[in-house]
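Given as C-alpha coordinates, the chain that follows is alone and in the form predicted on its own.
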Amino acid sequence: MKKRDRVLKTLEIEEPDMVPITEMDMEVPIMEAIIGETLSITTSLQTPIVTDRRLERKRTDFKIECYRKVDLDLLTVDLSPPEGWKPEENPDGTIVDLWGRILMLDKEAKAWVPYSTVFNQLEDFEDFEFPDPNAPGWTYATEYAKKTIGEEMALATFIRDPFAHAWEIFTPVKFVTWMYQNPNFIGKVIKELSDFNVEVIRQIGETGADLIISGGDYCEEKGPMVPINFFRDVIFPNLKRQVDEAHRGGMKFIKHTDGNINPLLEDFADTVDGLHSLDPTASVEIGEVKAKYGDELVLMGNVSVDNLAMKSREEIVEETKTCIRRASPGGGHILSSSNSWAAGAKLENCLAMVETVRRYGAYPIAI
(Lines give C-alpha, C1' and ligand atoms only; values in the text may rest on other atoms or scores of the structure.)
Protein backbone atom coordinates (compact mmCIF):
# COMPACT_ATOMS: atom_id res chain seq x y z
CA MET A 1 0.00 0.00 0.00
CA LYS A 2 1.27 3.50 -0.82
CA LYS A 3 2.18 5.71 2.11
CA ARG A 4 -0.49 8.31 1.45
CA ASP A 5 -3.17 5.65 1.07
CA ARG A 6 -2.02 4.10 4.35
CA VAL A 7 -2.51 7.39 6.16
CA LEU A 8 -5.84 8.18 4.51
CA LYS A 9 -7.27 4.80 5.50
CA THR A 10 -6.03 5.31 9.05
CA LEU A 11 -7.71 8.71 9.17
CA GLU A 12 -10.99 6.92 8.47
CA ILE A 13 -10.26 4.69 11.50
CA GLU A 14 -9.77 1.63 9.34
CA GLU A 15 -6.89 -0.84 9.23
CA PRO A 16 -4.41 -0.29 6.38
CA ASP A 17 -1.56 -2.70 5.61
CA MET A 18 0.52 -1.41 8.51
CA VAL A 19 0.60 1.31 11.15
CA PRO A 20 1.64 4.63 9.56
CA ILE A 21 4.35 6.67 11.22
CA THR A 22 5.32 10.34 11.22
CA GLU A 23 6.67 13.17 13.34
CA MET A 24 4.96 16.49 13.89
CA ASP A 25 8.33 18.07 13.26
CA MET A 26 12.09 17.54 13.47
CA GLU A 27 14.36 20.20 14.86
CA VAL A 28 17.13 21.29 12.53
CA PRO A 29 20.01 19.48 14.34
CA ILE A 30 18.16 16.16 14.03
CA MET A 31 17.55 16.72 10.32
CA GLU A 32 21.20 17.62 9.85
CA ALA A 33 22.25 14.39 11.54
CA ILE A 34 19.93 12.39 9.30
CA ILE A 35 21.11 13.99 6.06
CA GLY A 36 24.72 14.54 7.06
CA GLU A 37 24.67 18.16 5.92
CA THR A 38 24.34 21.56 7.59
CA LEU A 39 21.18 23.59 7.04
CA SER A 40 21.94 27.27 7.59
CA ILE A 41 18.29 28.21 8.08
CA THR A 42 16.50 28.86 11.37
CA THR A 43 12.88 27.89 11.84
CA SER A 44 9.97 28.11 14.25
CA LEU A 45 6.84 26.09 14.93
CA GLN A 46 5.22 29.16 16.45
CA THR A 47 5.31 31.53 13.48
CA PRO A 48 6.36 31.79 9.83
CA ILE A 49 9.94 33.07 9.89
CA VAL A 50 11.74 32.20 6.64
CA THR A 51 10.91 35.13 4.36
CA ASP A 52 13.16 34.25 1.42
CA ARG A 53 11.25 31.86 -0.88
CA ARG A 54 14.48 30.32 -2.13
CA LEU A 55 15.50 29.49 1.44
CA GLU A 56 11.99 28.28 2.20
CA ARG A 57 12.17 25.85 -0.72
CA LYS A 58 15.58 24.71 0.49
CA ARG A 59 14.28 24.02 3.98
CA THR A 60 11.22 22.21 2.62
CA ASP A 61 13.40 20.09 0.33
CA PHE A 62 15.67 19.29 3.28
CA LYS A 63 12.70 18.17 5.37
CA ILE A 64 11.23 16.09 2.54
CA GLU A 65 14.58 14.36 2.11
CA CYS A 66 14.66 13.60 5.86
CA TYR A 67 11.13 12.17 5.88
CA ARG A 68 11.98 10.05 2.84
CA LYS A 69 15.26 8.82 4.26
CA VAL A 70 13.70 7.89 7.60
CA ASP A 71 10.74 6.30 5.76
CA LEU A 72 7.85 8.26 7.24
CA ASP A 73 4.33 8.23 5.80
CA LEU A 74 3.06 11.74 6.53
CA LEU A 75 4.90 15.00 5.81
CA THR A 76 4.15 18.10 7.87
CA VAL A 77 4.81 21.68 6.74
CA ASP A 78 4.33 25.04 8.41
CA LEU A 79 2.44 28.06 7.18
CA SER A 80 4.59 30.40 5.14
CA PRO A 81 4.82 34.14 5.80
CA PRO A 82 2.83 36.39 3.49
CA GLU A 83 4.60 37.96 0.53
CA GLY A 84 6.83 40.87 1.42
CA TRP A 85 6.76 40.45 5.22
CA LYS A 86 9.98 40.91 7.17
CA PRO A 87 10.39 40.50 10.95
CA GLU A 88 11.28 43.55 12.99
CA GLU A 89 14.81 43.17 14.38
CA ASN A 90 15.62 44.46 17.88
CA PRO A 91 19.05 45.66 19.06
CA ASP A 92 19.34 42.73 21.50
CA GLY A 93 19.07 40.17 18.71
CA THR A 94 15.41 39.31 19.28
CA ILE A 95 12.78 39.78 16.58
CA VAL A 96 9.10 40.72 16.54
CA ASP A 97 6.85 38.41 14.55
CA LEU A 98 3.57 38.97 12.73
CA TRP A 99 1.58 38.73 15.95
CA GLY A 100 3.59 41.00 18.24
CA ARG A 101 5.47 38.18 19.92
CA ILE A 102 9.10 38.86 20.70
CA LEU A 103 11.15 35.80 19.73
CA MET A 104 14.66 34.83 20.73
CA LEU A 105 16.94 32.39 18.92
CA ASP A 106 17.58 29.01 20.52
CA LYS A 107 20.99 28.42 18.99
CA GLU A 108 21.09 24.71 19.85
CA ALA A 109 17.76 23.98 18.19
CA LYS A 110 18.25 26.64 15.48
CA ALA A 111 14.71 27.80 16.19
CA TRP A 112 13.02 31.05 17.18
CA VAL A 113 10.94 30.70 20.35
CA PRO A 114 8.53 33.08 22.15
CA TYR A 115 10.33 35.23 24.71
CA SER A 116 8.23 38.30 25.44
CA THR A 117 5.55 40.54 23.93
CA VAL A 118 5.05 44.06 22.65
CA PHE A 119 1.69 44.21 24.46
CA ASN A 120 2.07 45.67 27.94
CA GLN A 121 -1.58 46.53 28.48
CA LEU A 122 -4.96 45.75 26.90
CA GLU A 123 -5.04 49.04 25.02
CA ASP A 124 -1.87 48.12 23.14
CA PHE A 125 -3.72 45.35 21.37
CA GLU A 126 -6.67 47.53 20.39
CA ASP A 127 -4.43 49.41 17.95
CA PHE A 128 -2.74 46.26 16.62
CA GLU A 129 -3.42 45.39 12.99
CA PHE A 130 -4.02 41.67 12.43
CA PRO A 131 -2.19 40.02 9.55
CA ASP A 132 -4.41 39.73 6.48
CA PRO A 133 -5.42 36.07 5.99
CA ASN A 134 -6.05 36.83 2.32
CA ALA A 135 -2.57 38.20 1.69
CA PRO A 136 -0.77 36.04 -0.88
CA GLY A 137 1.81 33.55 0.33
CA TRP A 138 0.47 31.80 3.43
CA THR A 139 0.23 28.42 1.66
CA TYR A 140 3.48 28.70 -0.30
CA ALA A 141 5.25 25.83 1.52
CA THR A 142 2.14 23.64 1.38
CA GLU A 143 1.78 24.16 -2.36
CA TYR A 144 5.49 23.57 -2.95
CA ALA A 145 5.52 20.41 -0.82
CA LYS A 146 2.43 19.01 -2.56
CA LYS A 147 3.96 19.63 -5.96
CA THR A 148 7.17 17.92 -4.82
CA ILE A 149 5.75 14.80 -3.16
CA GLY A 150 2.58 14.36 -5.20
CA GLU A 151 0.78 11.23 -3.98
CA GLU A 152 3.92 9.75 -2.39
CA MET A 153 3.16 10.76 1.21
CA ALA A 154 0.18 12.27 2.95
CA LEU A 155 0.53 16.00 3.60
CA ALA A 156 -0.44 18.00 6.69
CA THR A 157 -0.21 21.75 7.25
CA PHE A 158 0.59 22.91 10.77
CA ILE A 159 -1.37 25.92 12.08
CA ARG A 160 -1.37 27.64 15.46
CA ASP A 161 -4.32 27.09 17.80
CA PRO A 162 -6.04 30.39 18.78
CA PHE A 163 -5.98 29.64 22.52
CA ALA A 164 -2.26 28.86 22.51
CA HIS A 165 -1.68 31.71 20.09
CA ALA A 166 -3.36 34.16 22.46
CA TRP A 167 -1.38 33.18 25.55
CA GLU A 168 1.81 33.28 23.51
CA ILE A 169 0.94 36.73 22.14
CA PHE A 170 0.25 38.16 25.61
CA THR A 171 2.48 35.79 27.66
CA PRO A 172 0.74 33.27 29.96
CA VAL A 173 0.70 35.57 33.00
CA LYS A 174 -0.95 38.48 31.19
CA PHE A 175 -3.35 36.15 29.39
CA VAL A 176 -4.66 34.66 32.64
CA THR A 177 -4.81 38.07 34.35
CA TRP A 178 -6.74 39.64 31.49
CA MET A 179 -8.97 36.58 31.12
CA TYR A 180 -10.25 37.13 34.67
CA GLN A 181 -10.28 40.94 34.49
CA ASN A 182 -11.82 41.20 31.02
CA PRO A 183 -13.06 37.83 29.73
CA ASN A 184 -14.96 39.47 26.86
CA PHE A 185 -11.71 40.93 25.54
CA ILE A 186 -9.94 37.55 25.59
CA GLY A 187 -12.97 35.91 23.98
CA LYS A 188 -12.89 38.53 21.23
CA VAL A 189 -9.19 37.91 20.59
CA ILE A 190 -9.71 34.16 20.33
CA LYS A 191 -12.63 34.67 17.94
CA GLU A 192 -10.53 36.95 15.73
CA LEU A 193 -7.65 34.47 15.71
CA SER A 194 -10.15 31.74 14.83
CA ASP A 195 -11.54 33.88 12.00
CA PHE A 196 -8.00 34.15 10.65
CA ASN A 197 -7.49 30.38 10.88
CA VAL A 198 -10.79 29.59 9.18
CA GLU A 199 -9.81 31.64 6.15
CA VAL A 200 -6.30 30.17 6.02
CA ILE A 201 -7.70 26.64 6.36
CA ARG A 202 -9.97 27.37 3.39
CA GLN A 203 -6.91 28.22 1.33
CA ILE A 204 -5.02 25.14 2.54
CA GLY A 205 -7.94 23.02 1.38
CA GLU A 206 -7.35 24.28 -2.16
CA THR A 207 -3.73 23.00 -2.19
CA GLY A 208 -4.48 19.28 -1.99
CA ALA A 209 -3.31 18.87 1.61
CA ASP A 210 -4.85 15.93 3.46
CA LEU A 211 -5.15 17.26 6.99
CA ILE A 212 -4.64 20.12 9.38
CA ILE A 213 -2.61 19.76 12.56
CA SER A 214 -3.44 22.49 15.05
CA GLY A 215 -0.58 23.04 17.48
CA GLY A 216 -0.59 24.63 20.89
CA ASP A 217 -1.17 23.28 24.37
CA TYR A 218 -4.47 23.31 26.26
CA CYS A 219 -3.17 21.48 29.29
CA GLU A 220 -0.22 21.07 31.61
CA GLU A 221 0.76 18.09 33.72
CA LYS A 222 -2.04 18.60 36.26
CA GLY A 223 -4.80 19.28 33.76
CA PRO A 224 -6.37 22.11 31.69
CA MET A 225 -4.58 25.47 31.86
CA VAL A 226 -7.78 27.45 32.52
CA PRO A 227 -11.22 26.53 33.89
CA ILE A 228 -13.04 23.88 31.85
CA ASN A 229 -16.06 26.16 31.46
CA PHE A 230 -13.86 28.61 29.55
CA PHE A 231 -12.90 25.85 27.15
CA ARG A 232 -16.52 24.84 26.64
CA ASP A 233 -17.87 28.39 26.33
CA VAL A 234 -15.08 29.93 24.23
CA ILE A 235 -12.41 27.54 22.99
CA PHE A 236 -14.32 24.54 21.66
CA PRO A 237 -16.98 26.50 19.71
CA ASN A 238 -14.20 28.36 17.89
CA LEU A 239 -12.26 25.13 17.42
CA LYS A 240 -15.31 23.55 15.82
CA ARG A 241 -15.53 26.36 13.27
CA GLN A 242 -12.00 25.52 12.16
CA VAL A 243 -12.75 21.80 12.01
CA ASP A 244 -15.86 22.45 9.93
CA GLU A 245 -13.83 24.50 7.46
CA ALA A 246 -11.24 21.73 7.19
CA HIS A 247 -14.03 19.26 6.43
CA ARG A 248 -15.43 21.56 3.74
CA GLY A 249 -11.97 21.43 2.17
CA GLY A 250 -11.89 17.62 2.29
CA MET A 251 -9.34 17.52 5.12
CA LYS A 252 -9.21 15.91 8.54
CA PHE A 253 -8.32 17.96 11.64
CA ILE A 254 -5.97 16.73 14.35
CA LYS A 255 -5.42 18.74 17.53
CA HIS A 256 -2.03 18.68 19.23
CA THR A 257 -1.71 19.38 22.92
CA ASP A 258 0.66 18.21 25.61
CA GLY A 259 -0.41 17.77 29.20
CA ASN A 260 -3.17 15.93 31.01
CA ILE A 261 -6.09 16.13 28.57
CA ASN A 262 -8.22 13.51 30.34
CA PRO A 263 -10.81 16.05 31.62
CA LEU A 264 -11.32 17.31 28.04
CA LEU A 265 -11.39 14.02 26.13
CA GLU A 266 -15.15 13.91 25.68
CA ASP A 267 -15.13 17.49 24.36
CA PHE A 268 -12.34 16.62 21.92
CA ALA A 269 -14.23 13.54 20.73
CA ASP A 270 -17.23 15.75 19.96
CA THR A 271 -15.15 18.32 18.07
CA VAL A 272 -12.00 17.11 16.28
CA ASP A 273 -11.00 14.10 14.17
CA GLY A 274 -7.93 13.18 16.14
CA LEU A 275 -5.46 13.99 18.89
CA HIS A 276 -1.69 14.23 18.89
CA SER A 277 0.69 13.86 21.80
CA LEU A 278 -1.40 11.86 24.28
CA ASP A 279 1.32 12.86 26.69
CA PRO A 280 2.57 9.79 28.59
CA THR A 281 4.34 12.01 31.14
CA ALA A 282 1.01 13.62 32.13
CA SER A 283 -1.07 10.55 33.03
CA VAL A 284 -2.50 10.08 29.52
CA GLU A 285 -2.54 6.36 28.79
CA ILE A 286 -3.05 5.78 25.08
CA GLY A 287 -4.63 2.35 25.59
CA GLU A 288 -7.33 3.81 27.82
CA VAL A 289 -8.05 6.58 25.30
CA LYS A 290 -8.23 3.95 22.56
CA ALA A 291 -10.70 1.86 24.56
CA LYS A 292 -13.02 4.80 25.24
CA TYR A 293 -12.71 6.87 22.07
CA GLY A 294 -11.04 4.67 19.47
CA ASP A 295 -14.17 4.68 17.29
CA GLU A 296 -14.30 8.49 17.29
CA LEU A 297 -10.72 9.77 17.42
CA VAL A 298 -7.60 9.12 15.39
CA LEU A 299 -4.74 8.78 17.88
CA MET A 300 -1.32 10.14 16.96
CA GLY A 301 1.49 9.25 19.38
CA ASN A 302 2.84 8.52 21.88
CA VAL A 303 6.44 7.33 22.38
CA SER A 304 7.84 9.59 25.11
CA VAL A 305 10.09 12.38 23.85
CA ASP A 306 11.85 12.33 27.22
CA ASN A 307 12.65 8.67 26.73
CA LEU A 308 13.95 9.31 23.23
CA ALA A 309 16.54 11.54 24.88
CA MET A 310 17.36 9.46 27.94
CA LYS A 311 16.53 5.77 27.46
CA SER A 312 18.42 3.03 25.64
CA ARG A 313 17.63 1.78 22.16
CA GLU A 314 16.28 -1.48 23.57
CA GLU A 315 13.93 0.39 25.91
CA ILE A 316 12.60 2.49 23.01
CA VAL A 317 11.94 -0.67 21.00
CA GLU A 318 9.87 -2.10 23.86
CA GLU A 319 8.02 1.19 24.43
CA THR A 320 7.15 1.39 20.73
CA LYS A 321 5.90 -2.20 20.70
CA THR A 322 3.72 -1.44 23.72
CA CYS A 323 2.32 1.63 21.99
CA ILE A 324 1.45 -0.43 18.90
CA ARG A 325 -0.14 -3.15 21.01
CA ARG A 326 -2.34 -0.71 22.90
CA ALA A 327 -3.34 1.79 20.21
CA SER A 328 -3.09 0.20 16.76
CA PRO A 329 -5.61 -2.68 16.67
CA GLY A 330 -8.67 -1.66 14.64
CA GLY A 331 -6.84 1.15 12.87
CA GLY A 332 -6.98 4.85 13.62
CA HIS A 333 -3.44 5.04 15.02
CA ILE A 334 -0.54 7.01 13.55
CA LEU A 335 2.57 6.26 15.54
CA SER A 336 4.83 9.17 16.47
CA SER A 337 6.64 10.55 19.46
CA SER A 338 4.63 12.41 22.07
CA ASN A 339 5.75 15.72 20.57
CA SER A 340 8.53 15.97 17.97
CA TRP A 341 12.12 14.92 17.40
CA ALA A 342 13.88 17.60 19.43
CA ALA A 343 17.55 18.46 19.30
CA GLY A 344 18.23 16.54 22.52
CA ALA A 345 16.82 13.25 21.26
CA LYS A 346 19.17 10.41 20.42
CA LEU A 347 18.94 9.80 16.68
CA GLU A 348 19.55 6.10 17.31
CA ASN A 349 16.38 6.00 19.41
CA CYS A 350 14.34 7.92 16.86
CA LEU A 351 15.34 5.50 14.12
CA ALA A 352 14.69 2.52 16.41
CA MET A 353 11.12 3.75 16.83
CA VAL A 354 10.60 3.73 13.06
CA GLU A 355 12.29 0.36 12.57
CA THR A 356 10.09 -1.18 15.27
CA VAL A 357 6.92 0.02 13.56
CA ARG A 358 8.04 -1.42 10.23
CA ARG A 359 8.86 -4.74 11.91
CA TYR A 360 5.88 -5.16 14.22
CA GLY A 361 3.21 -2.81 12.84
CA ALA A 362 1.73 -4.98 10.07
CA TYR A 363 -2.00 -5.66 10.29
CA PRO A 364 -3.46 -7.68 11.87
CA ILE A 365 -1.42 -6.63 14.89
CA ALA A 366 0.16 -9.74 16.40
CA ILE A 367 2.47 -8.56 19.18
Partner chain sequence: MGELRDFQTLIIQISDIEEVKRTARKILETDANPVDVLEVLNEAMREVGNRYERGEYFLSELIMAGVLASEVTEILKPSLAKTDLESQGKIVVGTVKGDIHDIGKNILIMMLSAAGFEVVDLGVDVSAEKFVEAIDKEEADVLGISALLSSTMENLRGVIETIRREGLRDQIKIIVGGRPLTKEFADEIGADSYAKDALEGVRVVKELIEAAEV
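All values derive from a computational prediction rather than experimental measurement. Positions refer to the first chain, counted from 1.
Form predicted in complex with the partner chain: not shown, discussed below.
Chemist: Within 4.5 Å of the partner chain in the model of the complex, counting heavy atoms only, one of 98-106, 151-159, 123-131, 83-91 shows up; tell me which.
Modeler: In short, 98-106.
Chemist: Within 4.5 Å, heavy atoms only, which of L265, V118, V198, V113 is in contact with the partner chain in the model of the complex?
Modeler: Selected option: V113.
Chemist: Please identify the residue among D306, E315, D61, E32 with any heavy atom within 4.5 Å of the partner chain in the model of the complex.
Modeler: Checking each option against the partner chain in the model of the complex, the one that comes within 4.5 Å is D306.
Chemist: Quick check on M225: any heavy atom within 4.5 Å of the partner chain in the model of the complex?
Modeler: Yes, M225 is a contact residue.
Chemist: Do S283 and the partner chain come within 4.5 Å of each other in the model of the complex, heavy atoms counted?
Modeler: Close contact is absent here: in the model of the complex, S283 is far from the partner chain, nothing within 4.5 Å, heavy atoms only.
Chemist: Whether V173 contacts the partner chain in the model of the complex should be assessed with a 4.5 Å heavy atom distance threshold; does it?
Modeler: Taking the distances in the model of the complex, the answer for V173 is yes, it comes within 4.5 Å of the partner chain.
Chemist: Considering only heavy atoms, tell me if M179 and the partner chain come within 4.5 Å of each other in the model of the complex.
Modeler: Residue-level check for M179: yes, a contact with the partner chain.
Chemist: Taking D210, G274 and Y360 as the candidate spot, are all three within 4.5 angstroms of the partner chain in the model of the complex by heavy atoms?
Modeler: Zero of three within 4.5 Å in the model of the complex.
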